[in-house]
Ligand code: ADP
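First, one chain by itself: the form predicted on its own, in structure tokens.
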Amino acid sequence: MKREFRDMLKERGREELPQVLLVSAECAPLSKTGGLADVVGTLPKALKKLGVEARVITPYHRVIKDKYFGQTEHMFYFYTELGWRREYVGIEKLILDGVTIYLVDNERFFNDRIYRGDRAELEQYAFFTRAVLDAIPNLDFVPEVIHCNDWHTAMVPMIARTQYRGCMQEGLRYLLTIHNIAYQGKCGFAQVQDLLSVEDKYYTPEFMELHGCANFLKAGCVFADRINTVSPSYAREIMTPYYAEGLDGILNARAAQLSGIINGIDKAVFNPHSDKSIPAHYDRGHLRGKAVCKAALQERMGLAQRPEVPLVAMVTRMTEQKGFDLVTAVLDEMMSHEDMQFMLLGTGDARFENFMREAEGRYKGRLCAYIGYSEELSHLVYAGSDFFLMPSRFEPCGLSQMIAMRYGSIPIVRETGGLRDTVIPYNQFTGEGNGFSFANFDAWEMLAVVRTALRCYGNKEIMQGLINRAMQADFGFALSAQEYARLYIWML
């Protein structure tokens, strides 16, 4: 155990690190739709190396059952009350990569998609909330900190504190991590009463009412002991009206309990020195393999074999949040006046997908739009590109810029959230920096920075320095795990 942790524990009259139960709608590699799953799947392994026993409880989704059914152990079952309904809850246990994962089984709620949308999704995760709280006292594990994630589990601390008085659930400590504040779990109060039997007195602005709706995420912000987000900059941003989506009032009221911890990436999965998804391996001291990867990407995607031309790439959801409206505003200007190639991998809004399909036709051999997603291809894009564009309107943390730097692809980002915290803009006077950035959400400002990056591509010394600094940056989860361990101890 780190000496720092021992000293913190001694101040609290303890010797052992707290036991933690992470509660999440998804967990990689079992179930995944986004970065939340990566965090929940990776954090317990990193915490274990520090001596923190962290386990996960997540729904037994169909996608998990189809792949892991033979590896699970049935622990127990019971029936729980979901409003006026009586619902079956099965608890299965799976140990994967040394991490214990409890799976909440119910065919009615989890036999389909991870997120069903609208009322069905609220029912899914209201049930999950109740099932988790009722299961906790019966697990073969006694957690002290319950680590909730996003709106799907944000009602856990509220229900524990208001409906389990005198029970062990009330006395546990609750951390709520906000991965994306834009998703809050809004519904009519009658629906919350119907599903979770919440008393009328809690439907006020003081507790869970916001703009005429019951709001799951707000309830979590009110009742959790601590709140954190996935980057320090995002923690500051969500206390402002522009980013807070209406929650700036409660977050400012709880500013003393709000913090930001940058996410990390799995350095074993994203490693250009050993990645099986790329045709040649390399590291920052030996970059010949990166040139091979660029040639392979160009060949596979129908781009001209021109190693001297900079290749700008995006692996993204094509949405306004990701800044894709900026891309569509200036793409023709960029492609018409710059000697460059552009590679897109992703899906999103139909209007953006159609725009990119048409652009591919206009710039055949210079632009490729792969409308879809392939994990294996994404690794080749990171390895084969020279620059990686992320012009996000907002970005709570972002993992793609960290992965790109790991592979020596220099990020070009908007200065928001985790992008601001991880990308240091290149300074031509001092030679410092590991990427390029622009401050305002403006297409022409983005284009100007892209052009600056393209000019730097022609200077081998500048590019070598950028690649070295990008690849030596440590974005592994070990640092994030240390921050979480400190936060858990502070909560005791």
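Quick caveat, the model's predicted, so the values are computed rather than measured. Residues carry their position along the shown sequence, with the first being 1.
Just so it is clear, the following notes concern the form predicted together with the named molecule, a form of the same protein that is not shown.
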query	finding
Option from 195-203, 94-102, 345-353, 251-259 whose residues, in the model of the complex, bring a heavy atom within 4.5 Å of the named molecule	345-353
Heavy atom within 4.5 Å of the named molecule in the model of the complex - residue from Ile403, Leu326, Leu367, Val222	Ile403
One residue of Glu107, Asp339, Glu375, Glu333 in contact with the named molecule, assessed in the model of the complex (non-hydrogen atom, 4.5 angstroms)	Glu375
Exercise: Leu36 in contact with the named molecule in the model of the complex, heavy atom 4.5 Å	yes
The named molecule contact in the model of the complex: Lys32, any heavy atom under 4.5 Å	yes
In the model of the complex, Pro391 touching the named molecule (heavy atom, 4.5 Å)	no
Leu399: touches the named molecule in the model of the complex, heavy atom cutoff 4.5 angstroms	yes
Full three-residue contact with the named molecule in the model of the complex, heavy atom 4.5 Å, for His152, Phe216 and Arg226	no
Contact set, 43-59 vs the named molecule in the model of the complex - heavy atom within 4.5 angstroms	none
